[in-house]
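What follows is a single chain, given as structure tokens, in the form predicted on its own.
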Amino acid sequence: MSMRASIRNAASVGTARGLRSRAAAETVMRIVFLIAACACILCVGLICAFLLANGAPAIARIGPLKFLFGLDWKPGRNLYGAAPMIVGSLFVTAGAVIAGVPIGVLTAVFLARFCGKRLYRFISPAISMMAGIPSVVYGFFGMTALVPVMRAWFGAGKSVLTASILLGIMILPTVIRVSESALRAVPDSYYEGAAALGASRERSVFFCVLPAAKSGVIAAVVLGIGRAIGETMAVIMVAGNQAVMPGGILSGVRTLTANIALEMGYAADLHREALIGCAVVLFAFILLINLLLSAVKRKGA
């Protein structure tokens, strides 16, 4: 009996030590995760502070209304109206959404509900490869392939339309992956219930499964918008870079990101601060997009 008791005591002591070591490891990992999260928050806070400290005074000196609604961007004459770039960014982003979102969502539906396993093994890596292609490669493709085609068909090569099509291609991986994950997260009972009621396969997917994944699909669209509005290099290469108010989808345009990238290398004094003011406006757009994404996620939850 004494031997059994000693074995039990040793086992209990070993179990207690294991629990203490596990608790200590969990505590250490919590601290590590907390430090990582705080570092991310600190980085965002520093970026916000830098933009506001350097951009807000310039916007105040120029005048908020003149900066946001002014039509002339001529640094040599101290005219800093960012309205053409703001409208250009909105035009190009809206065109990218129109061009890319329907294709992306339909592709996600096909991959999640209609695609065979063999074909999926080919399409899925191709989509992942699209996500990893550098933006300058997309820009080179647009400059050498899309621009000549658009010039031949519409008489205008570098334009809002060309940039929208190229950005629509670039946001496809984001829209497809997030939408596909949302569709696969819908329980099979939704599809099976619709099919049991006599609905065809297509009607079951498009009128039952897809609406159930609405929040995830909207999140994919919002993320695609964020990807499109923040793109720089590809837009520079195909949009025309004209700092004027776009007159239509076939006119050249300059976005906020392109404006910053093109002029920051030689800008100084108020000109440089005005470019940082453009970054503040762009940051505000990104913030609104993230808030919209958070609202969509909360509504879905």
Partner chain sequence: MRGGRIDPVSIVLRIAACASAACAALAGVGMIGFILIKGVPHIAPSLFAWRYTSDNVSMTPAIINTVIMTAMALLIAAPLGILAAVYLSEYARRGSRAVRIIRVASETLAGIPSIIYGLFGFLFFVVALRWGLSMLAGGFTLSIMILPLVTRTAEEALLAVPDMYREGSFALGAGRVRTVFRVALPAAAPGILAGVILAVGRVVGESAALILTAGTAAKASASLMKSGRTMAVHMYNLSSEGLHINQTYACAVVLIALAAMINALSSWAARKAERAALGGGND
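Residue numbers count along the first chain shown, from 1. Please read these numbers as outputs of a predicted model, since none were measured by experiment.
Note that the form predicted together with the partner chain isn't included here; everything after this is about it.
Of the residues given (65, 60, 46, 268), 46 alone sits with a heavy atom within 4.5 Å of the partner chain in the predicted bound form. This chain is displayed alone, yet in the predicted bound form one of 261, 244, 249, 56 has a heavy atom within 4.5 Å of the partner chain; that residue is 261. The partner chain in the predicted bound form is not approached by residue 76, whose heavy atoms all lie more than 4.5 angstroms from it.
By the criterion of a heavy atom within 4.5 Å, residue 181 is excluded from the residues contacting the partner chain in the predicted bound form.
Mapping the unseen interface onto this chain, residue 237 counts among the residues with a heavy atom inside 4.5 Å of the partner chain in the predicted bound form. The partner chain in the predicted bound form comes within 4.5 Å of no heavy atom belonging to residue 95. Remark: of stretches 211 to 219, 130 to 138, 181 to 189, 79 to 87, the one touching the partner chain in the predicted bound form is 130 to 138 (heavy atom within 4.5 Å). Along 28 to 59, these residues reach a heavy atom to within 4.5 Å of the partner chain in the predicted bound form: 29, 30, 32, 33, 34, 36, 37, 39, 40, 41, 43, 44, 46, 47, 50, 51, 54.
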